[in-house]
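Next come structure tokens for two forms of one protein chain, structure 1 first, structure 2 second.
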Structure 1
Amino acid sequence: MVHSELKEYEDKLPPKILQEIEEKCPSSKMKKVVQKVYEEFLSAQIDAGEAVGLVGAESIGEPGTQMTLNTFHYAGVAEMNVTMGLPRIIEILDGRKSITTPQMEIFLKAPYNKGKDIREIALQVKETKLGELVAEYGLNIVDLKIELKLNMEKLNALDVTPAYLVKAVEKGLASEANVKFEGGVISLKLKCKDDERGLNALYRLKEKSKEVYVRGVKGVTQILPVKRKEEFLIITAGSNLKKVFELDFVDTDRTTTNDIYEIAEALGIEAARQAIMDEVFKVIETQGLNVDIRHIMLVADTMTVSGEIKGITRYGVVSEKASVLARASFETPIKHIINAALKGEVDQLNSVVENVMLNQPVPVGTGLPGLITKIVRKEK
């Protein structure tokens, strides 16, 4: 129920602003405050015909040129780094499906977020492959057999039983080898008979056996439990949001990834739009730059308005422009003009770029309204 003083502003101000005024403002001053907020709200709105695209591009591009080419390394873990700075901005805005350093922040439910069994839980998340659990490889060329001596300490630390491990190996190499287990050693006997091919196949089998999936979340190559303020969370190198959401100790409301396509697939396009804004803003903030969030919102809206993520490239957003000249102005102009001529496309010259190309007034700002006046001539 809205306070009586705020009733007349119900359709003039966003509900969230009204709610905030109601929560934080004493009743005696509410009328004055809401009037002032409404004035500020009107002055903050953009004028009709403002070239928001150009202002946004300029506002992001100008500080963007000051960015350094950064890679941020996590202390203590050599393999864990995160792409920052200009390369990160480029891969977000290009809408790249495979990013350089995918990473997740996994928040945990109580009591694990207070540090309970944090190491064991982190190891459950990390993808474990057979190669990490083998202490020694032995190749028997005569019998075309590989013997894998297991590292029992590692098996115990990861809570993996030899029986479970053998099943995983059988599943991973069923088509290529017969699997046996005796006295802490797994034997892999090649099914192939031809000696010449067999020797090569034996080495291939050895390499393939190292990559056999045993347990954990596929794609998560490194884990790092960290304490942030009062709670523990797990930072990972590698990302697999859907599988992480299936783990019962994970707080699914806050767990996130820097892979925008993964977010779109798991949580929908609205979440992906928010992720684009968060990721770009995070980079800009880390670099100590100041860009208004509304410019970034405009870019995120443009990328996701069709219901799927489209990069700011000739294959993404630009390819969907109705204007032939706007498409031609971006990249590969001759191709666009020839295709348009073959199809008989018509350009209505509704936007900025195409009018600049033709040396005409641009339909933004004062160029937006068309003024028609009747000239009255005096008779002599």
Structure 2
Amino acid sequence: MVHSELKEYEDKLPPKILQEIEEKCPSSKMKKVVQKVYEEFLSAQIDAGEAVGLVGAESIGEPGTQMTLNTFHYAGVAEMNVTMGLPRIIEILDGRKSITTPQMEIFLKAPYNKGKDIREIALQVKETKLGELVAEYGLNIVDLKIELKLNMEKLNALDVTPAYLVKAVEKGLASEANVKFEGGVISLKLKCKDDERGLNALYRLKEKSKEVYVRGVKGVTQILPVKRKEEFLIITAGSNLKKVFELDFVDTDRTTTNDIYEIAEALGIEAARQAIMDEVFKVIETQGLNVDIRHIMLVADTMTVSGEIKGITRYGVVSEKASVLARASFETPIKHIINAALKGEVDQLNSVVENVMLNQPVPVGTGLPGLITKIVRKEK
């Protein structure tokens, strides 16, 4: 409940500040304090016409020069290698569709988050391919057959029954081979009858059979159950948020990925904006640098205004600019100018860069307001 003295400031001050005043200030002095705080708040606000983008660019760019270019490798530590530092920042801000090290953090529902069956659950998440379950390959060149001796121990560990496995293999290789199962051995008989091409096809089939999907979440190549603050979660290499949300032991409220496009697709543009902020801030933090979150918020906002993620590249946010000259000043100027000439585009000179080029006052700071005045002549 907001104090009565604070009521009138409800629209003027952010809730966080109001709450702090309410908690820490004795009610007798509240009115004076709020007034003072409001004055301070107004003077701390950014002025209209301030070049926030420029300030933001410098504030992120300067610490960026101090970031390490390469990732650290910790030998012997059970952590996965994740892109960090400058390459990661570039990756996020460029809005790359495929990132170098996709990773998920899968939170679990009770009771699994206390460590119940954590191994089994983790193995359910990991993508299992046929190649991992085969102990021995036997190639029968005369009959054009491949015999796959199964590793029953592994099968049991992963809780895969042979019957299920055979079904998966049949599904995966339906067009190339006839599948038979006898006494722990899957035999694949090549469908192709041509003897000359048969041998090559057989070897191709062997390689392809290793990649046959058996179970798990597609795209997850590695799993790592970890304990964080009294709670177990699974970190994965490889990301597939939509499929993970379908598993019933997953806490769908907190599970995230570092693939921003996947977040945008599964959770919407606002979640993606938050994810961009979190990811950029995480990198800056781990590098021991200090950048005000407001600058990152501005970048994240800019990247998501259009309702989808646009990188800070000539194909992304820059292509959205109205001015030809502004676009040309970023990258590939000739292309932009020629295209604009062909289309007969008109540049309204409304923004900053184009006016700098033409040596005119830019609409920033004191250049922003126009002055209209009535000239009164003194009459004698």
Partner chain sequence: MAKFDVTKHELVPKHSKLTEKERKELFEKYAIDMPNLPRIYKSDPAILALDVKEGDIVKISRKSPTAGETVFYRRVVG
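Structure 1 provides the reference sequence; residues are numbered from 1 along it. Predicted, not measured: the structure shown is a model, and the values here were computed from it. Rigid core (definition): largest C-alpha set, two forms, superposition within 1.5 Å.
- Of the two copies shown, the second one, structure 2, is the form predicted together with the partner chain.
- Relative to the superposed core, Leu13 shifts its CA atom by 2 Å or more between structures 1 and 2.
- Cys25 is among the residues whose C-alpha shifts by 2 Å or more between structures 1 and 2 once the rigid core is aligned.
- In the core-superposed comparison between structures 1 and 2, the CA atom of Thr373 travels 5.2 Å.
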